[in-house]
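As a starting point, one isolated chain is supplied in structure tokens, in the form predicted alone.
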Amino acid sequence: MNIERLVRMANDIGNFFKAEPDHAVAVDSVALHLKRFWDPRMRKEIVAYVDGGGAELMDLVREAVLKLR
């Protein structure tokens, strides 16, 4: 899958959960969403992207992706 599309999708998820007042809950919610609804290949690609710097991801999403490892 195209990494730009994955980044956009992940940031959209992050934007949804950033309204959560508890940052830890928001991070966990993003991670859980990615685990439940993303194909393992998609998760592998986004983890590799974060390992390479993950410059275009929101901080919230980057933290959540790191939890997927």
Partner chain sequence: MNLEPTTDYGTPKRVSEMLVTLEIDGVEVCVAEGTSVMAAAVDAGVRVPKLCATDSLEAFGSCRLCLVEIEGRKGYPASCTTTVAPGMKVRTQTPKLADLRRGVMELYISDHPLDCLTCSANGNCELQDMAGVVGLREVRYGYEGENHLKAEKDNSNPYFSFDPSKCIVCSRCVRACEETQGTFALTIDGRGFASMVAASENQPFMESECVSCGACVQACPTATLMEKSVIDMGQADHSVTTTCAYCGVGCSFRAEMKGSEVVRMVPNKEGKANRGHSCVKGRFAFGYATHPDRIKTPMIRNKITDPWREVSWDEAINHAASEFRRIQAKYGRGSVGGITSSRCTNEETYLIQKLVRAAFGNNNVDTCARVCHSPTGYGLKTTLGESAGTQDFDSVMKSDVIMVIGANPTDGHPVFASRMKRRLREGAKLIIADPRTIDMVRTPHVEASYHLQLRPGTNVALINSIAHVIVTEGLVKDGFVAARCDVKEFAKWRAFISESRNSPEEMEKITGVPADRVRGAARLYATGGNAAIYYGLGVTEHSQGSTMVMGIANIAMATGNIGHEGVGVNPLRGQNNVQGSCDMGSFPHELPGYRHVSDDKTRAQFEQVWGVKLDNEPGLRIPNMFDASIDGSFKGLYIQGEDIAQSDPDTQHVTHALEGLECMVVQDIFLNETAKFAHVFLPGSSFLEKNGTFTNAERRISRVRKVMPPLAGKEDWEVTAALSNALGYPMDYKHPSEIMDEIAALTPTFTGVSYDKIDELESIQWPCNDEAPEGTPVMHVEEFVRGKGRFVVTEYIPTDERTTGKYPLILTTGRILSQYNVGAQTRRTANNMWHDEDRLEIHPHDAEQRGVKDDDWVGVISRAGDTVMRAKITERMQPGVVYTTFHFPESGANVITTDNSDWATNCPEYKVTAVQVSLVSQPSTWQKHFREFTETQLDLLPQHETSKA
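Numbering follows the first chain given and starts at 1. Not measured: the values here are computed from a predicted model.
The discussion below concerns the form predicted in complex with its partner chain, not included here.
Participant: Residue-level contact is defined here as any heavy atom of the residue lying within 4.5 Å of its partner chain in the predicted complex; does residue 8 satisfy this criterion?
Facilitator: Within the cut-off, so yes.
Participant: Quick one: is residue 17 in contact with its partner chain in the predicted complex, heavy atoms, 4.5 Å cut-off?
Facilitator: Yes, residue 17 sits close enough to its partner chain in the predicted complex that at least one of its heavy atoms falls within 4.5 Å.
Participant: So in the predicted complex, does any heavy atom of residue 56 sit within 4.5 Å of its partner chain?
Facilitator: No, residue 56 sits far enough from its partner chain in the predicted complex that none of its heavy atoms falls within 4.5 Å.
Participant: Would residue 13 sit within 4.5 Å of its partner chain in the predicted complex, counting heavy atoms only?
Facilitator: Heavy-atom contact with its partner chain at 4.5 Å: present for residue 13.
Participant: Going through 31-56, which residues have a heavy atom within 4.5 Å of its partner chain in the predicted complex? Please give them in sequence order.
Facilitator: Residues within 4.5 Å: 33, 35, 36, 37, 38, 39, 40, 41, 42, 43, 45.
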